[in-house]
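For reference, the chain that follows is the form predicted on its own, supplied as structure tokens.
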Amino acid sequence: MTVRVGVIGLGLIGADHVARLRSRVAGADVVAVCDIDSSRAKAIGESVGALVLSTATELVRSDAIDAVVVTSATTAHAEAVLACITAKRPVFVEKPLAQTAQECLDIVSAEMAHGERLVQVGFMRRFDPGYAAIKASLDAGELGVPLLMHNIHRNRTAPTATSAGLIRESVIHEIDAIRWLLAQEIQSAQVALPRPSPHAPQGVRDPQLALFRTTGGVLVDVECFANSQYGYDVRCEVVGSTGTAAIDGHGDAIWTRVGSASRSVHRDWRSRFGPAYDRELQAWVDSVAAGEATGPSSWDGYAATRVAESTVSSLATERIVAIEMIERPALYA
């Protein structure tokens, strides 16, 4: 079965996903596209032989497609995803699921009313081999009881970043990874702010240090530095009662009993996580073909956004903020 995909939003990640679905994901074909920039939509649509439609609503309702990829601006996610659920279309939506936790809950409610999962959220860290190796190690109990978790998320430059945007658009990846790796929810958040880098945009607090505590008592720190100048550098280490496991900035799993290696630094997220994006969309296409949604769910999208909102609220005071969430519905158990 070939899954006929329509893509909403053709910016940087959207154009990448079109190319990915056309050339590196088996069992998929991009048959329709749309974007608020009609000239861009026309150029990309013609380049892959896809229908160019005027609106997201028109695309979602088109009989030409089987499933939808949403890579538009975050402000447009909720409307597009809700339209997909109404039309009973499986949908892959880039993170964050929506702009607010309430919009995420609206999506969760619509999906529950439908009675089955249709949504997969684009948290690609779950499809990265290094993160998957740490997950397997934790699940097997090889590190003993997890106690601490350290994360680094650095970009070379982010001239349009905002203080809150660093959390909502960047740290949200770590938020999901924390929940997934540890299989625990996050119960409190705090932001600690050092002096801003001279390379940060005017008024933007960069870098930031986010501190989280999980329901299981694990203490987690996330350094986010969007204008580090030297490259793209994402790292993760879990400290357990009997050992540690870490991912260096190149994506390799480094076990303390083996050692480490030095390599060049990635320039951007495409070179570092390109293969993870490939695996992520392949898993989504396979799930659509099988008629059963897998991968990060609407609930995961809600939980990550709820934590991000609480973390943003700590920016002004640097105080600890307790996080409250609704009970997880049975659909997402």
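We call the rigid core the largest set of C-alpha positions that still match within 1.5 Å between the two forms. The numbering used is simple: start at 1 and walk along the sequence shown. Worth saying up front: this structure is predicted, and the values here are computed from it rather than measured.
Although it is not shown, the form predicted together with another copy of the chain is what the next lines describe.
Although the partner is absent here, residue 117 lies within 4.5 Å of another copy of the chain in the model of the complex, judged by heavy atoms. Proximity of residue 193 to another copy of the chain in the model of the complex falls within the 4.5 Å heavy atom cutoff.
Within this chain, residue 135 is remote from the site of another copy of the chain in the model of the complex, having no heavy atom within 4.5 Å. The shortest heavy atom separation between residue 240 and another copy of the chain in the model of the complex is within 4.5 Å. When another copy of the chain is considered in the model of the complex, only one residue from 83, 76, 158, 105 comes within 4.5 Å through any heavy atom, namely 105.
Scanning 292-321 for heavy atoms within 4.5 Å of another copy of the chain in the model of the complex gives 293, 294, 295, 296, 297, 298, 299, 300, 301, 302, 303, 304, 305, 306, 307, 308, 309, 311, 312, 314, 315, 318, 319, 320, 321 in sequence order. Relative to the superposed core, residue 16 shifts its CA atom by less than 2 Å between this form and the one not shown.
Core-superposed comparison between this form and the one not shown: the Cα of residue 49 travels less than 2 Å.
Superposed on the core, the two forms differ at residue 300: its CA moves 2 Å or more between this form and the one not shown. Cα of residue 48 to Cα of residue 289: at least 3 Å shorter in the model of the complex than in the shown structure. Cα-Cα spacing of residue 293 to residue 48 is reduced in the model of the complex versus the present form (difference of at least 3 Å).
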